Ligand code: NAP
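Given next, in structure tokens, is a single chain: the form predicted alone.
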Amino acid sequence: MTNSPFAPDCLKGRTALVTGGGSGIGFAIAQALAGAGAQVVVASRKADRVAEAANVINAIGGRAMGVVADVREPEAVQAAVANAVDTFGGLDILVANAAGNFVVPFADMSFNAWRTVIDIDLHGTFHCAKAAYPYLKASSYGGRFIAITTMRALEGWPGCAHAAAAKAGVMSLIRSLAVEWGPDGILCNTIAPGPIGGTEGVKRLYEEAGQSTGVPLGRLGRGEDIAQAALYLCSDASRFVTGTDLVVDGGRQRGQRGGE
């Protein structure tokens, strides 16, 4: 677990579930939440990946378990949430991080390609919200629901129209949930990362496609950059923050506008 400006026990007693938590940004978030004292459930489609992620967290002093779940299947998400509640006694945080994307011009996009990305990104977030709601409402700490999105959803995303549409839907969903769930004490926000080094997204969307990342800070983001943003939104420091998009992109969005 990386060094953090947050107190090492600021999430003590809370239980978090992170989808897509076996690698990349999701794994970084799971590590950070565990490092802050939370009990973490790592969910992914691949059993070996979630088992390894949980083992790494446990080996360095955290408390974690892995569950196999495909967010496209509502029953699988419900089972993962139930597993978390049965094991740790409740659920206080859910991070909807699982995502799918690949580069394909819209004119060449198949119906199945469109459906697959919408199912993972948008429907998967819906399934997580439905399954988690009663437990987040019951949280004595105040529930947290966080979805990982991208500002490319609002800018136009050539070659990734399916992901752009799905993530725009996620952002709208989170705004609606923030209003509906506010009286229940549940804070709902998104985190919009820029290009993060070592992830499949950067490999497919920038390195293999030969595109510039356009980050003014001159470096790719790190998983820990997103993890610290998630820690903030899960901590008591954000108790009056809901319905917002926390952009963590090294200024990429502004840099692109400045070049237009």
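We number the residues from 1 along the sequence you see. None of the values given here were measured: they were computed from a predicted structure.
Only in words, not in the display: the form predicted together with the named molecule, which the text now covers.
Residue heavy atoms within 4.5 Å of the named molecule in the model of the complex occur in exactly one stretch of 33 to 41, 53 to 61, 227 to 235, 187 to 195, and that stretch is 187 to 195. Interface residue remark: R49 is counted as part of the site for the named molecule in the model of the complex, having a heavy atom within 4.5 Å. Although the partner is absent here, R72 sits close enough that one of its heavy atoms falls within 4.5 Å of the named molecule in the model of the complex. By the criterion of a heavy atom within 4.5 Å, V215 is excluded from the residues contacting the named molecule in the model of the complex. With a 4.5 Å cutoff on heavy atoms, T244 does not count as touching the named molecule in the model of the complex; it lies far away. The partner is absent here, but in the model of the complex a heavy atom of I120, alone among I174, I120, L136, A84, sits within 4.5 Å of the named molecule. Of the residues in 158 to 189, only K167 comes within 4.5 Å of the named molecule in the model of the complex through at least one heavy atom.
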